[in-house]
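Just the one chain here, laid out as structure tokens, in the form predicted alone.
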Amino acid sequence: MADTVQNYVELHDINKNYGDFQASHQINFGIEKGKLVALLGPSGSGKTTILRMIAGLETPDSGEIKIDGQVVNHIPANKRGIGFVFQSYALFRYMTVYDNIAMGLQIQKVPKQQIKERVTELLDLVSLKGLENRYPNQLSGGQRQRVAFARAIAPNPQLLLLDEPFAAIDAKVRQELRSWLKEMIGKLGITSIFVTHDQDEAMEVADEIILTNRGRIEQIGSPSEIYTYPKTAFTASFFGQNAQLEGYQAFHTFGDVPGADKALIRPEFVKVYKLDEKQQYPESASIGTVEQISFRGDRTELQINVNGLLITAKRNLGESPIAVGEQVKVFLYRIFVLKGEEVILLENEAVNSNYFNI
């Protein structure tokens, strides 16, 4: 018999209200030890409330929160053994980098020599060696976030919580820190949960995504699973650059779904051809007019009007250029059809399922 997976963090039937507003409704999930999990969702979806309840900064109205098998609902935040990284860094501006990192250890009354050894180890780990005597205002945003990370893990917590840790950092540094954070947590093996509203960030960094919406969990899964196989209309529409269409039958060779409300088309579902380019399934192509072109570095992004429906497509730079106003052939490999909350993946009937593997 296979071993049962043991979850390090568990939430059972968690509910939380603020007056008439229900921030969390019947929240249930488990997180395996050592996993890096993203709480992802739009503003007001309840993700930060969940994080704060796990941290002990908020108390659920009902339900149980377990950490390492122990119910922690009534255990104070400072007794839960959790490291917390805030969006605003929350560094003490009058303390040096060294003292900021050492603070938690000093509160625990760890001997000075052990503090020195631990802080030195962490400075090296987060690539801040030589900056220990600087103050936060002498550091870049990325360096300040590394200090906040080092301070959070200094007391060796078994659980690390991060509240939108990259939100206050510019785009280039944010990209670098994503890779850095994933690498650091992998090295440390520490169970980690981070809140974000950025789908690209969650997809790149997390082992697993918990998608929230209006105080509920929409879907839980790996980045690949949740992107490729959405289970609800919200999940399908949240990820990717979707064009939402009514009347998908305007595109050729898709089966009819009785009662379908609308369809979602992602750019990777679309192939665009110039009129003089050879296409394998010409009978299934629609004619459209290019209304807008955006340069994206490694590709161009096209906005194409097909029978009054505007869709987004991508075209590689190595392909023949297309101009605004040009008529093109548009072929859809697949679409998501929405029937209430149900998501139905439709493949174009012109191709067999093995032809195009997204």
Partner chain sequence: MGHLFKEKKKRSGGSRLSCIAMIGPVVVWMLLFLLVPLLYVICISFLSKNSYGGAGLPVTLQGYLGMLQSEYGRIFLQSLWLSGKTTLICLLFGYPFAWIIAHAPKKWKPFLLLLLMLPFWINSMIRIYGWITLLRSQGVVNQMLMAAGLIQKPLDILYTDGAVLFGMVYDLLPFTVLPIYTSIEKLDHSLVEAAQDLGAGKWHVFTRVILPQTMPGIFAGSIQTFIPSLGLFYISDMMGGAKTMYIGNLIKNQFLSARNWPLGAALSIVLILITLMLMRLYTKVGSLDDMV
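Superpose the two forms; the largest set of C-alphas matching within 1.5 Å is the rigid core. Remember, predicted model here, so these are calculated numbers, not experimental data. Positions refer to the first chain, counted from 1.
The form predicted together with its partner chain is left out here; the points below concern that form.
Among residues of the shown chain, I107 is one whose heavy atoms approach its partner chain to within 4.5 Å in the predicted complex. The closest heavy atom approach of K278 to its partner chain in the predicted complex falls outside 4.5 Å. Proximity of P155 to its partner chain in the predicted complex: non-hydrogen atoms within 4.5 Å are present. Interface membership of L310, defined by any non-hydrogen atom within 4.5 Å of its partner chain in the predicted complex, is ruled out. Put simply, of L131, L125, M103, A260 only one has a heavy atom within 4.5 Å of its partner chain in the predicted complex, and it is M103. Checking L245, I185, I217, I82 against its partner chain in the predicted complex, a heavy atom within 4.5 Å turns up for just one residue: I82.
Contact check for Y227, Q241 and V290: none of the three has a heavy atom within 4.5 Å of its partner chain in the predicted complex.
Looking at 282 to 290, 165 to 173, 131 to 139, 197 to 205, the stretch with residues near its partner chain in the predicted complex, meaning non-hydrogen atoms within 4.5 angstroms, turns out to be 131 to 139. In the predicted complex, its partner chain lies within 4.5 angstroms of at least one heavy atom of each of the following residues of 89 to 107: A90, L91, F92, R93, Y94, M95, M103, G104, Q106, I107, in sequence order. Core-superposed comparison between this form and the one not shown: the C-alpha position of R93 differs by no less than 2 Å.
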